[in-house]
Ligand code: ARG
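Shown below, as structure tokens, is a lone chain in the form predicted on its own; questions about how it binds or moves come after it.
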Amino acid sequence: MKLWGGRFEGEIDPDFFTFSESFSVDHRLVLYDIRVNRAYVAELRSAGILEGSEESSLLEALEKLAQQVETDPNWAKKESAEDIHTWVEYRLLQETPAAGKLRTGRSRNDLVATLARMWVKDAADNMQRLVVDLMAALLSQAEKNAKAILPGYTHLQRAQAILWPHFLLAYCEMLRRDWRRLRDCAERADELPMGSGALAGASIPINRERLRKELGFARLSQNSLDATSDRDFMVEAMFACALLATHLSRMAEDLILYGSSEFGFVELADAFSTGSSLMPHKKNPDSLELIRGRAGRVQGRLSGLLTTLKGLPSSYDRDLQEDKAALFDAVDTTAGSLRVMARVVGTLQINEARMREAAEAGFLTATEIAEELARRGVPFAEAHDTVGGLVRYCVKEQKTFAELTDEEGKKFTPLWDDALQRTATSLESALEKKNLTGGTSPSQVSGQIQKLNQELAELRKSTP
């Protein structure tokens, strides 16, 4: 069962066949292969290669084959071939001798490039839907806990107070960029290589423009040598997956930390946690740890394909057989992480009291005190030093800002008064002052949620 052989004598070494076959990977392209064959049969008929009866017999055989693979999810486990293209042609030959003409004017090189582009377009569309689902889960979580305050961190040290929704919306921003990258990937993959032959183009007068329209591509490839070996669209799709997986990994890390006993800000649902085989009390965030871990797997797949491509001469080389295993795994892994993360976020419970307690304990209004002094005419550099000294004093005396007396405050600045004391002790006041576009004030965050909900509705409409 092979598409070549006249030049060769004897059978292929069985170990080499096992080593070289790709059917175990590319069989998932079967419906794309059948779809392209349907369109190509019509072109061969128009070019005078097929008779009308041969066209009919091939279309009938292709329909029968499509029904078989669509109704039997385990069909591939029963089959073996060098690759999916060989298997399809072999099965068609069992139905009609006209299948012997099907390969006229084309190569596996332009065929596989076409199938891969079709797969990437569909995969990008599906991933966009999953991104929107996760964004919706984040927005729902933000709306349920709109007033919760927690410490924001830099260097994993408490820095300034933020709203819980502001934290969630930060990941929505990353996901918006991911959605656009996936859309761009689909657009760049939307180019038909079919008609490029092995590398030099086709001699048979098929109508590439008609083929383009039939297969739903936006444009035709312009150079047959490039078209058969171009895998940029795969690399871009895998990069989009790698960066998306990186964002999911960062989100997982945040939630793992926030769910630890030391933080206690959130609790995962039991459905997305596991226990210990030894310690009965343990509740482990394995769903998030796996998401974090699989980001490295996706990044490795991207790096592996780039390494494969970097040393290849122009046109097709068998090294490119490695592309689909890398692509499929990167996309499947990222899609799985997206699905699980959306469910984790949707079932997450927060401990608002614990969040606020942490925000109140870390001198998180120090910047606001310095800025208030600056509003009163004190140079900010001087105000910064003054408040730094005040914090050092509180740490030494084991006091919070709320426990400072007026006399203690005036030791550091003669401007200390009731208003400055309120600035030092009111998280709500600190949040209200962050009222520029993109800030964490309640009004800004509320507007951001409203805007993102509207945008999500548009994204759902524009995702095929």
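We number the residues from 1 along the sequence you see. Because the structure is predicted, anything quoted here is derived from the model rather than measured.
As for the form predicted together with arginine (ARG), it is not shown, yet the points below apply to it.
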Since the chain is shown here on its own, which stretch among 428-436, 22-30, 392-400, 51-59 would lie within 4.5 Å of arginine (ARG) in the model of the complex, judged by heavy atoms?
-> 22-30
Just one of W119, Y316, F167, F265 has a heavy atom within 4.5 Å of arginine (ARG) in the model of the complex. Which one?
-> Y316
If you check Q321, T246, T308, T333 against arginine (ARG) in the model of the complex, which one has a heavy atom within 4.5 Å?
-> Q321
Is the gap between R301 and arginine (ARG) in the model of the complex 4.5 Å or less for some heavy atom pair?
-> no
Heavy atoms within 4.5 Å of arginine (ARG) in the model of the complex: does R108 have any?
-> yes
Wondering, does D83 line up within 4.5 Å of arginine (ARG) in the model of the complex on heavy atoms?
-> yes
Heavy atom of V112 within 4.5 Å of arginine (ARG) in the model of the complex = yes
